[in-house]
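Take a look at this single chain in structure tokens; it is the form predicted alone.
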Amino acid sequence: MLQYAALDAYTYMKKTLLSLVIAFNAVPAMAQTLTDGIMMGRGKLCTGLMYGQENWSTYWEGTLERSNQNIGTLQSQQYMWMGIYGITDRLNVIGSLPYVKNHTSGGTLHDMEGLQDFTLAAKYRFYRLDSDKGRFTAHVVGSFSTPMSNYTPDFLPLSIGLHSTNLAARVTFNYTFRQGWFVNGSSGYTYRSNVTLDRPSYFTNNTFYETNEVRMYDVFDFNVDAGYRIAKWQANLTYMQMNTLGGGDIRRQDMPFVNNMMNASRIGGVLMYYLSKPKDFAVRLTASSVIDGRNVGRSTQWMAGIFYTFHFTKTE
């Protein structure tokens, strides 16, 4: 979930989004995330836990890819709670809260861990068109995230997050064929609040600032994916791109800074299975890798989790 500069969940959302955000439900509602075209049915609550790891040993210092013996390999472990509730068939609310532990194999930097950022989102399907060949849907998402502990963002790459409060808007288009194949595209914009440091001044992007407040630049992201969803199985491949709309590069032989430009291109996949027994359980495995970036780590990530769906509305 974290890359070199602790990308936000999410990322999620992440992490921000990064980190940000993965959600599930059981048959027949299928899996759901903030970036896909699937909705939880009315009166259903899906909740569960995920565990994952992200590792990197090389990173981009600006556009230069390098290693650093003072870091060695960075390992980030994430324990994440997720919950999704269907207010109606067209309106869902989604929440998540990760606990993050970061460790480096080299140097003298000490480990950091703690609760990261709580995310609350609303997802609304505003258009649907059915045809003989399939179904087209369009969705909008609004989300809010804020730190849940007093962690510092000024100790990257060990910091567990960036400690900004975020507001994000997203639009998603999905087409699912009758045979089960689907294509999906999603794009989002994240506004990030400024952050404060535990020091009276700092130097970044060739400028000295006599203040403890740091401007955080907004983020634009998009993803496209294609896959197959039928009966108890779902599998898909995804390409994700995140661009920070400002900020400087990591200076040569220096630590990263909280408002560095952090860009990343990532490819990944999802495999999900819906259990017949015990009923209403689902398991999911995701994996992804950064293939290009700027001021981030060339990381690989995997996550696995199990979820259960409660039915508060009787089905006829």
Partner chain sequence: MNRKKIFMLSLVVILVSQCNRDVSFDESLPALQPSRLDENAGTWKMIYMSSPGQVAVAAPLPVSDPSYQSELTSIKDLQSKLNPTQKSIIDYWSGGGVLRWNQILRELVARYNLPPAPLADGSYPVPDAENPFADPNFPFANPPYAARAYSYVAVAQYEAMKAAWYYKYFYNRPAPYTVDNGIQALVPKTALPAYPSEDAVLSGVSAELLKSLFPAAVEEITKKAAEQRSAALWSGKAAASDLSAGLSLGKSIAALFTARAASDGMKTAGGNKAQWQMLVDNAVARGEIPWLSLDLPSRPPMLPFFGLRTIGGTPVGVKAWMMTDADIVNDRPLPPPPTASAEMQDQVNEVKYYSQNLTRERLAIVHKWADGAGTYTPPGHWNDIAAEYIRDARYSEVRAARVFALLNIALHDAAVACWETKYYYFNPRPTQMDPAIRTGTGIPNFPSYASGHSTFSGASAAVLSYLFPSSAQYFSDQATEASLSRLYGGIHYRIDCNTGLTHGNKVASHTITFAGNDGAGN
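Numbering follows the first chain given and starts at 1. In this text, all values refer to a predicted model and were calculated from it rather than measured experimentally.
Omitted from view is the form predicted together with its partner chain, to which the following refers.
A.B. asks: Its partner chain isn't shown here, but in the predicted bound form which of 214, 224, 93, 115 has a heavy atom within 4.5 Å of it?
C.D. replies: The residue from 214, 224, 93, 115 that makes the contact is 214.
A.B. asks: Counting non-hydrogen atoms within 4.5 angstroms of its partner chain in the predicted bound form, say which of 209, 85, 173, 239 makes the cut.
C.D. replies: Exactly one residue meets the criterion: 209.
A.B. asks: Which of 177-185, 193-201, 129-137, 229-237 has heavy atoms within 4.5 Å of its partner chain in the predicted bound form?
C.D. replies: Selected stretch: 193-201.
A.B. asks: Under a 4.5 Å heavy atom criterion, is residue 254 part of the interface with its partner chain in the predicted bound form?
C.D. replies: So residue 254 counts as contacting its partner chain.
A.B. asks: Does any heavy atom of residue 97 come within 4.5 Å of a heavy atom of its partner chain in the predicted bound form?
C.D. replies: No, residue 97 is distant from the partner.
A.B. asks: Should residue 155 be classed as touching its partner chain in the predicted bound form when contacts are defined as heavy atoms within 4.5 Å?
C.D. replies: Yes, residue 155 lies within 4.5 Å of its partner chain in the predicted bound form.
A.B. asks: Verify the contact flag for residue 107: yes if a non-hydrogen atom of it lies within 4.5 Å of a non-hydrogen atom of its partner chain in the predicted bound form, no if not.
C.D. replies: Yes - in the predicted bound form, heavy atoms of residue 107 and its partner chain come within 4.5 Å of each other.
A.B. asks: Within 273-292, which residues have a heavy atom closer than or equal to 4.5 Å from its partner chain in the predicted bound form?
C.D. replies: Sequence-ordered list is empty.
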